[in-house]
Structure formats: C-alpha cells, structure tokens
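Before any questions on how it binds or moves, here is one chain, the form predicted alone, in structure tokens.
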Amino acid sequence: MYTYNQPVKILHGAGILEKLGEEAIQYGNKAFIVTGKTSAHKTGLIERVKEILLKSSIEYVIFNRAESNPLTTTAMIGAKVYKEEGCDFVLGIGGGSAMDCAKAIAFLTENEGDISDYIMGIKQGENAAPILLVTTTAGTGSEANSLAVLTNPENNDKKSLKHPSIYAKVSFVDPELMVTLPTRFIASCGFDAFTHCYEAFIANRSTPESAALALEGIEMIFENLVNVYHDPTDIQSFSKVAHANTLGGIAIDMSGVNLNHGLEHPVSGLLDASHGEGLAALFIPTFEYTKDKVREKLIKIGELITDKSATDDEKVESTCKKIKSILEEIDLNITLTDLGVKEKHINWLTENAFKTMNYAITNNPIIATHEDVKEIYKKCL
C-alpha cells in the first residue's frame, strides 16, 4: 500500500523564470523573498526577480538570512517578519537550503511554537502560506517535494519537516540560472541528486512509480553530470541534470532516503559541512554494506550502461565502476576527515543518527546496528 501525490506545478526550461510574475500574482500582491546571503545577489538574480515582480505590480520583502544548513531559529525569525510585513506568499530563491528555509517559514506562519516540535512529531501542523520556489542548483529536489531539512542549533539535530502543506504551489527549474555555479557546488549538488535517485530506487519503501522516476534520474545523471562539471555552459546537459534532480526529489518524497543520508545528516548537523560532500564521503562504504542485498536493482542500473550481451555480474561491476568514476571525475573522492570529522565524534554521530534518522536507517535494505554504523563512520575517515 502506498500513496502517490505530486501537486506541484513545475515549470522547467531555459528562460522559464520570465513566467514568475504571471504565476505569482495568483497568490497575492506582496512576496516574502527567502534567499541566502550571497550567491543569488552576486549573480544579479535577485535584481532580476525584483523587476519581474514589479512588472506584475507585486511588492516584496527580502529575507536573506538562510544559512547553508538552515537553522530552525532562522525559520522562526523569518515567520515573525513575514507576519509583521503583511506578506501574502513566500518565494524561495536559491539552492536547497534557501528553499527549505522558505518552506519552513511558510509553515510557521500558520503553526505556532517551536518548529522542532513539529519536526520531531510532538505537534501536528495544519496549513502553510502559499509557497513558490526558484531553484538555482541541480541538487536537493526540494522544489518538488514536501520536505524541509533544518538543523536545531541547540543540539545539532538535523532532520526533515515533512508535511503536505509545504509542497510549493509553483516551482521554476531554469537551467540558465545554474551555469554560474562554482564547479564545487555543481559536483556536490549533482551527487546529492544522484543519491536521492539511488536511495529511492533501492529503498525498502520503494514503489513502482518512485523506482521508475529514480531509474530515469540515475540514467540522466550518469550521462550528463560529468559533462556539466567540466562545461557548466552546456545548457542541454544542465537541463537534464536539473530534470534528474527534480525526479529524485519526487522519488524520495514517495519512498524516502536510507543509510547514506541517515549517516550524513549528523555530520553536517554537527560540523556545518556540505551535505553533498558528506554524502560523497560516506557513499562507497554504505554502498558496499548494502550492495549484495540489492543485486537485482544494481543489475537494472547496469543495463543502462552496458550492452545486451553483458552478464549480470558484468552489469553489477559496471554500476560499481561507474559510480566510483563519477566521484573521481567530479573531484568528490573525499573522506569524512576532509570535512572535519574526527574519531572522537563517532559515538555522537552514531547516537544522533539513530535519534534523528532512524526512519532512514530502517528504510535501508540491510538495517544497520549501532556497531555497523560506527564501523562505517570509521571506514570513511
């Protein structure tokens, strides 16, 4: 038994941002723009968005305080400002962090109290302010799902708010907005998109729909991510990576993530590390831990990159080699040590993984024990 619900209107394509005004005016006359502190401003995107909104007679307030790993406290401040300014809808502009912060703010405009209580299931929410999203990265898939990942600065818990009210009304996926990204972000975001597709594909809660979307996303990333990393101006390839990212976002909304994400969230929650880089550092050991249990699915992935005469063993081996080669070619062959993790952190990381990400750990085809998790962390140092 499962539910498939995809209520987001997704506008995808080069130049699609120009439709922002005509879509936004349907939700009111005053936008609350949520963005980060630098990137969207440096590229001139915020100025462009202002012009588009003003052409449709939409006023705006800018809240440019979203961190790279957005905090619960920032979202609560944002909701307070939204109400004081009398805004009609939230417009998130940026990567996953800005979009997740925007979703959380929209949720808090309609639900009182500490958002951590809703994240941890202590309270149940209801509605949210209307949300529009403009993604500037091909990573996270937040534009397409009902998830918002936040970190509680009091205890470093990093966990998702999942609620149907925080689906965007409209999301804009314009690859032209992504070509100015530094290659480091292209790599980490692209690998995040891959892990969404891969984890949704092998998940215990995988469904026929999520598996089909995830497999298509994997194929697109296999074919295009390295090209985009070496040539960000390749709009055609970037459009496909962005499409794969959106498919991954939908897939994890349906089927969830598993062990790799389950172990990464504590790392970036504790050390404010890059989420995509953390996933890369953890991927091969978590992959090796699970691969024998998901052999049939690895064969299906291998069929994307081998000819019809390949044996099943060759398909599995090709899948393993392909993933490792991508990590090398996009310069993400890194360790947890590179991200600041030390052996003294492993006990805390392990306990926090089971505290905040148990749903992900139990969604893995092999359910890891505390000792298993500790060993995986050690292998990744």
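Quick note: we count residues from 1 along the sequence shown, nothing fancier. Model, not experiment: these values are computed from the prediction.
As for the form predicted together with a further copy of the same chain, it is not shown, yet the points below apply to it.
- Contact check for residue 367: no non-hydrogen atom falls within 4.5 Å of a further copy of the same chain in the predicted complex.
- Proximity of residue 376 to a further copy of the same chain in the predicted complex falls outside the 4.5 Å heavy atom cutoff.
- Among heavy atoms of residue 86, none comes within 4.5 Å of a further copy of the same chain in the predicted complex.
- Although the partner is absent from this view, residue 243 contacts a further copy of the same chain in the predicted complex, with a non-hydrogen atom inside 4.5 angstroms.
- Judged by heavy atoms within 4.5 Å of a further copy of the same chain in the predicted complex, the contact stretch among the candidates 64-72, 48-56, 341-349, 312-320 is 312-320.
- No member of the trio 202, 280 and 285 reaches a further copy of the same chain in the predicted complex with any non-hydrogen atom inside 4.5 Å.
- Here is the short version: of 272, 114, 216, 234, the single residue with a heavy atom within 4.5 Å of a further copy of the same chain in the predicted complex is 216.
- With the partner omitted here, the residue from 166, 220, 177, 149 that has a non-hydrogen atom within 4.5 angstroms of a further copy of the same chain in the predicted complex is 220.
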